[in-house]
Every structure is written in structure tokens, then in C-alpha cells.
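Same chain, two forms, each on its own as C-alpha cells: structure 1, then structure 2.
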Structure 1
Amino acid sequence: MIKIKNLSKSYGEKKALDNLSLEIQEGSIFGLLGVNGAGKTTLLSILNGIITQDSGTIEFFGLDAKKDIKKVKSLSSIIPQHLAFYEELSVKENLDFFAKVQNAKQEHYDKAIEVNSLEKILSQKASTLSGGQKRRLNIAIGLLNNPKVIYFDEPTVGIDPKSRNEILDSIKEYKNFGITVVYTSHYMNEIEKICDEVAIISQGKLIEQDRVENLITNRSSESISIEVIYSDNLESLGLNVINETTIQTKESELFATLELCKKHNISIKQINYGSTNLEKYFLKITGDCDV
């Protein structure tokens, strides 16, 4: 288990993480959800020992992540958001290099190639790969040290749906290998699809942590979202505006809200009872649409 307690990190005046505490269960796929600048990448970088926290503690499977940083690094792996390999080298040369600097075992090397379906493109120069193939190589490099935990920092940005699904399927497979996955993404349907548990962070603080199914069923069932045709007076009417075309209300206040809309000629497109997906729940609790 990874236990994060009161973690804080600032860049100058800006607080990237503010007294953040959460727990990640062993063998789970854990989603980290937050808008740009919420602190997701900072958290992953601290968890993987790339940068150090200002205060707070991380217990990594019984190890103190600050004191035993080398051990923690050897047991974990980060798949960075940006492709972190050498474009001028072939797929095999990249894998060989990253395997040798970590003294990776042959079986883990072979597994990384197999899981990411890289067999046929081993001799290809990395710069000539498609977006999806590059992402798979990026992930394969992270598997070479047979990590106990893998941190995925938005690994599906900018790739086609087919490759995205392949990557998501492969990530689900890691669970079968006993690997704990920490996954951040802009795409909440991905988190909904693969994660067991999710933590929502905003401005470096933990807003909510629960199992995905709990978040999208139990807690959000009483909320109602109303999609309207754009109108510039929504906020001035005192409505709970989620974004420029969505209003959030409770069941008990539904009729009053509809009356108000009618009175001010606000056309209604759709009414959704309960949040049917994570995205709507996320919008509700963060009140932010810049995801």
C-alpha cells in the first residue's frame, strides 16, 4: 500500500500540492483526476522520486519514500506524459539501452515487448513510428524493471481511438501481473473504464477519494444537470452554473429552476437525472470545466 500523508510542494509562491493525503491499495488501478495544474504530475513526480516534497511523508509498501528513495525508484516506474525515449534510435536500441541501465532481466524485457506488441517494429527507428506505437514503446520502457507500481501520466494523449483502447486493455492486464497502477488522464471515461478507485484533486488538495462505482452512483444520484441553449444571464439569476450551457440543481429544486428558466426565456435542451458518468460528477464537485 502507498500511504501519502500531508504532502506539500510549492514552486515559488504557487502551491502545487497542499497538505494532500491519500492511500493507494496494492494491486489496484488508481485514478488521479484533476484539471490542468491541479497537481497530478507533481504528485507522480514526487511518488517516483524525480522531485522531492517540501513536507509530508510517503510510505511505499512499508518503505519511507524519502529515505529509501533508491529502493522506491527501483520498485516503481513512471510513464511520462511526453514521450521519453530517443527518436534517433530504433525500438530495440531504446529498449536495450533502458534495460541495461536498470539491469533488467531478459524475461521482463521479453514481457515488455510482448505486452505492448512491439515484436514487429523492433528494428524501426523510433522517429518513424505512429503515435500509438510511440506510446506503446514509451510504456514498454516503463515495464522493463518489472515494477511493483507504475505511474501513468496521461498516456493516451494525442492518439487514435484504436491505439487508445489497446493501451487501456494492456494496462488492465498489469493488474493480473500484480502491478499497482496509478493513472492520470484527461479522459474521464478512461478512468471510469479501467480504474478501481479514484482520487479527485483540485489546487493541490484532495477533494474526494472513493471507488469509481460509488462516486458515479451513490453520491451523485440526487443531482440533476440541465443542459440549456447558451444564455449570458445564467449566473446573474443565481443558478448553479457548471459551464456556459449546463446548470446543476437538486431534485427538490428542479421545478423552481425550470420555472426560472422559462421566465427568462432560457431554452432547455436536456435534463439528466443523477450523474450518469464520472465526468458529470467531476464537474459537479470541482465546478470546473477545464479538464
Structure 2
Amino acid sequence: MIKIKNLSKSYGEKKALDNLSLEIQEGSIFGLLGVNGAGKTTLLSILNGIITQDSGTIEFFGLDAKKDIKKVKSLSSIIPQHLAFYEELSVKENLDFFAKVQNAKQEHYDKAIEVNSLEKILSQKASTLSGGQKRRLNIAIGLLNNPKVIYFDEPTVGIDPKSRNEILDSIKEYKNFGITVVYTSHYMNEIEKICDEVAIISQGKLIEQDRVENLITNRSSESISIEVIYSDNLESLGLNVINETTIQTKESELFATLELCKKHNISIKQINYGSTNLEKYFLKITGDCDV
């Protein structure tokens, strides 16, 4: 597994990571959630050896990630948000080039093509690919070195829903190859769909880490969320406000909450019992909405 202990990183007076500790299990799909500036990118950069931490340690499957950074890099791959291939080359020419650079084995080359469903477009020029096909090529290049860990930094930005689902389905298959995935996304439904476990980071600190199903069921089993028409006086009424259109309450307090809403002319759209989703839970514990 990856063990991160007391990791800190500052840029001048700003603390990007503040004594952060967490563990990522081998063979899991691990989600990183946090608002812009929470420290996600800094953490990925340190894990990939792009920058170094000020203090703290990272144990990468038994290796000291700082001392053995070359070995760690050889066992890792990061799939960036931007496209990192040559538009003027065909899909096959791109794969051939990056396979040669990475000294990739034929079996890993073939697996990268198969998992990302590129067989039918190998001869196609990269510039003519759809957004989803370009993303799949980007991911395939990252698989050529047969990584033990793949870091995904918002890989589905700007693509259609069908292509997004295809990419998410392919990522879920990586577990069958024993690959550990670390995944960041602005789409919390993606995290819910593919991740086994999630760490929520705020201002460089770990707020909570748990399995996805625990975050969206156990934490909310006794709660009821009430969706209302926007009202600017929810906070002043002493209600447990998740965001500007959602109130959370307990079953024992439901009647009093509804009476309070009625008294102040707050229109109710919907009442949800006993369950929530990751986005609502995130908003509840962080108070942030710019993920």
C-alpha cells in the first residue's frame, strides 16, 4: 500500500499540505476530493516526484518514495488533464513512439490497446479523433509502462456522457490487473461510481477518509434532507443548512422543522429520507461547493 505520514508542503506562507496522513490500499480505486486549492494537485505532484515535500514521509509499496524516487516513478503513471500526445501522428504511431521511449513490452502494449478499445482506430490520425477517443489514447499511453499505480487528474473533463461512462468502465477493470488507481474529479457521481474509498481534503488537511458506501449511508442513516425553493434566511432560522436549497434534520425534529419552514413561507420541493449522496455529504462537512 501507499502510506503517507505527516506530509507538509508550503509555498511561501501558504500551506498547501498541512501534516497530512492517509493510506491507499493496494489494488483499490481511491478518490481524492477537495475544493480547488485544497492540496490535491500538490499531493499528486509529490507522489509523482515532480516536487518534494517539506516534511513527512511516503512509503510506496515498501519503498521510501523520496530516496527511491526513480524506482517509484518507474512503477507509476500519471494521466494528466491535458492531452499528451502528437496530434499529427496516428493512434498507432503515437503508441509506437511512447512504447519505444518507455521500452514497453509487447504484452503491455497490447493490453493498453485492448483495455481502452482502440483496435478499430489505430490507423486514424489523432487530430481527427473524438474527445472521448483522445482521452482513451491519453490513458493508453499512460498504461504502456505497466504501472503499479495510475494517478488520474480529472480525465473526463470536456467529453460527452457516453465516452465518460466508457472510460469509467475501463478504469474499473484495472483492478483485475492489480493496478492501484488514485482518482481526482470534479464529478462526484464519478467518484461514487468507481471508487472503493475516498479521502476528503480541505486546506491541506485530511478531513475524513472512509469507504464510499460508509460516507453516503452510515453517516446519514438517521438524517433527513429537505430540498426547498431558494431562501436567503435559512441560516438565520437556526436550521442545519447544507447549501442554499437544502436543509438537514433528524426524524425526531422533522415536524418542528416543517412548521418553521411553513411559518417563514419557505416552500418545500422534496424530502429525502435515510440516504444522501457524496456531494451532499461533502458539502455538509466542508461547507464548500467549488470542487
Partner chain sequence: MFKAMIKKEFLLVFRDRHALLALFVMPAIFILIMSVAMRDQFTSDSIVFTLYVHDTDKSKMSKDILANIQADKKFHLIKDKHSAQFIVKIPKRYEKKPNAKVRIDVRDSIKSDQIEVFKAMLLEHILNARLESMARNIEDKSPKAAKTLSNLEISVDSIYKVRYNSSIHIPNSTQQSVPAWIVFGMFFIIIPMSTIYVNERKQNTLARLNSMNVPVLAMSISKSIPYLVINQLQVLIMLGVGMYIVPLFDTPALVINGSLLALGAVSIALSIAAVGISSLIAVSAKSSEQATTIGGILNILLGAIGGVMVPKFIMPPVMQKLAEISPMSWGLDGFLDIFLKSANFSMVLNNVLMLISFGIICLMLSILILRIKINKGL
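Since the model is a prediction, treat every value here as computed from it, not as a measurement. Just so we're on the same page, rigid core means the largest C-alpha set that superposes within 1.5 Å between forms. Along the sequence of structure 1, residues get numbers from 1 upward.
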Check: Given structures 1 and 2, which represents the form predicted in complex with its partner chain?
Finding: 1
Notebook entry, point to check: Can a Cα shift of no less than 2 Å be assigned to E59 between the two structures, given superposition on the rigid core?
Noted result: no
Notebook entry, point to check: 2 Å or more on the CA of Q25 between the two structures, with the rigid core superposed, yes or no?
Noted result: no
Notebook entry, point to check: What is the Cα shift of T249 between the two structures once the core is superposed, in angstrom?
Noted result: 5.1
Check: With both forms fitted on the core, how large is the C-alpha shift of G12 between the two structures in Å?
Finding: 3.8
